[in-house]
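Just one chain is shown here, as C-alpha cells, and it is the form predicted alone.
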C-alpha cells in the first residue's frame, strides 16, 4: 500500500504543464519586414508525416496579426547564451516599427521555405506554414506544419538525431527560466533495453 501523500488544490491553474521550451517566433509583414516575439512555450502536435507544432498567441499581439495575415512563421529554439535577449524581446512590441533583430544583436538568416527569416543564433529553427487557427480560451492556437527544420551542424549526430546535451536549451515555468537538466536514460530503460529510434 502506498503512503498517503498530501496534495494542495490549485484553484486557478496557469501554464500547468512543465517544462516547456521558451522560443522566438518570427513573422513578417506583407513587405517582408520581420518581427520577433518571445513565446513561453512551443509544443509538438503531430510528430511526423507531417510534423506539426503549436504556438498559442493572444489576439492583441502584433505577431498574431502578422501570422494571421501571412500564414507563415518560424519557431526558433534558443540556447542559454540567449536568455537575456529572449527575455528582453518578450518585453518589447514590434508594433511601433522597431527592428528587434538589430535592437538585440541577432542575425536574421533567410528561410528556405517561408518568407519570415530564422534566428541564426538559435541552434534549432523550424519554418512553418499555418494549417489552422482555433480560439482556445484567451489565446488562439496556431498549428504550423514544419516545412523545413535546420539545426546547427555541430549539434546533429548519427541519422540526423539532435544532440540534446549540446543544445544548452532552457525552459519556462512559473514565470521563471530553468536550464535543461542532465540525461537520465534511454527509451526502454525499464526493460533493460535501448529502444531509441536509430
Ligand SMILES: Cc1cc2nc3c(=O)[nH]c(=O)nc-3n(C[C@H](O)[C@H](O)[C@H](O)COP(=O)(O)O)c2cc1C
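Residue numbers count along the first chain shown, from 1. It should be emphasised that the depicted structure is a prediction, and the values quoted were computed from it without experimental measurement.
This next part talks about the form predicted in complex with this ligand, which is not shown.
Proximity of residue 48 to this ligand in the predicted complex, heavy atoms at 4.5 Å: No, no contact at 4.5 Å.
Contact test in the predicted complex: residue 92 vs this ligand, heavy atoms, 4.5 Å: Residue 92: yes, in contact with this ligand in the predicted complex.
Contact test in the predicted complex: residue 177 vs this ligand, heavy atoms, 4.5 Å: Output for residue 177 is yes: heavy atoms within 4.5 Å of this ligand.
Partner contact for residue 100 in the predicted complex: this ligand, 4.5 angstroms, heavy atom: Contact with this ligand, yes.
Candidate site 22, 56 and 63: all three near this ligand in the predicted complex by heavy atom within 4.5 Å: Every residue of the spot touches this ligand in the predicted complex.
In the predicted complex, segment of 37-45, 128-136, 161-169, 146-154 with a heavy atom within 4.5 Å of this ligand: Going through the listed ranges, the match is 37-45.
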